[in-house]
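The chain below stands alone and is given as structure tokens, in the form predicted on its own.
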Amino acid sequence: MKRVLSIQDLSCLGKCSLTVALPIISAMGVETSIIPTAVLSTHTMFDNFTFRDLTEDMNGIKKHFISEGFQFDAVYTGYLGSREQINIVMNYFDTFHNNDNYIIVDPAMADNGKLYTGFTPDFALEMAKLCSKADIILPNISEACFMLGKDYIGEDAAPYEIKELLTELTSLGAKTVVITGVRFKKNDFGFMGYDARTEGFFQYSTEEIPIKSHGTGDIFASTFTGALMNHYTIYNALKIAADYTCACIKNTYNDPTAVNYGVNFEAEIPMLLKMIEK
């Protein structure tokens, strides 16, 4: 059985980060180990949430993993709360990366041209350093611009602008860069990527569902990681992630009882297992 290590925060209630990654990747038949960087009572959409920073525990966990000889087929990171955590995760990459596994970074820190609360442009440049150690990175347009120190180009950026971002991002060091949340035309939403080894661009889109919801990037990144561990190519794993994320959003859009703090990814897991032939 393949084993993934996911490093990101854990919300006790709210559909994002490890609360999404753990059930999705596990359902895809992949052992999912975790490093919770913080524990929150809810995700940050709610007011008055509690927050327990676990930075001080991260090095001790790594030391124990080393002593036990644990290995991972992928290390997948999402939201990291501080520059110190980024530096610790860089060390995780140095420790556990090898020629047979993947380092996957979702640099979750911005959307719609704005950094998340508490982050600064300097933090984005530190995240770019983390991405330099990755095999595959999955930024959205905002995150791509911040990591490159560029002005935000907008959610309706032209394909040539996305391609420029992609080629600049590969100069950081990642072999494959995928920008998510790309609008190719009206009601046509997906991703565009670049493989630095072949110097080839690729893209895929699904129907755009007219709602914005928390955690969809985490669903995409987690599904991609799980599909990659099921021996799909990078491109086909990305397609599965896009189709599944779209189905989750559509399910939520059509559900009058749906909550407003995340999408109904649980209801579409049977569809996901059919997609990967489980």
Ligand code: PXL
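Residue positions are given as counts along the sequence shown, with the first one as 1. These numbers come from a predicted model, not from an experiment.
Below, we refer to the form predicted together with the named molecule, which is not included among the displayed structures.
Asker: Hey, with the named molecule in the predicted bound form, do 9, 17 and 116 all fall inside the 4.5 Å heavy atom range?
Answerer: The answer is yes: all three residues contact the partner (heavy atom, 4.5 Å cut-off).
Asker: Residue-level contact is defined here as any heavy atom of the residue lying within 4.5 Å of the named molecule in the predicted bound form; does residue 40 satisfy this criterion?
Answerer: Contact with the named molecule, yes.
Asker: Can you check whether residue 79 is within 4.5 Å of the named molecule in the predicted bound form, heavy atom basis?
Answerer: Judged by the heavy-atom cut-off of 4.5 Å, residue 79 is in contact with the named molecule in the predicted bound form.
Asker: With the partner left out of view, is residue 230 within 4.5 angstroms of the named molecule in the predicted bound form by any non-hydrogen atom?
Answerer: Heavy-atom contact with the named molecule at 4.5 Å: absent for residue 230.
Asker: Report yes if any heavy atom of residue 66 sits within 4.5 Å of a heavy atom of the named molecule in the predicted bound form; otherwise report no.
Answerer: Result no; residue 66 lies far from the named molecule in the predicted bound form.
Asker: Quick one: find which of 241 to 249, 53 to 61, 27 to 35, 210 to 218 has residues within 4.5 Å of the named molecule in the predicted bound form by heavy atom distance.
Answerer: Heavy-atom contact with the partner occurs in 210 to 218.
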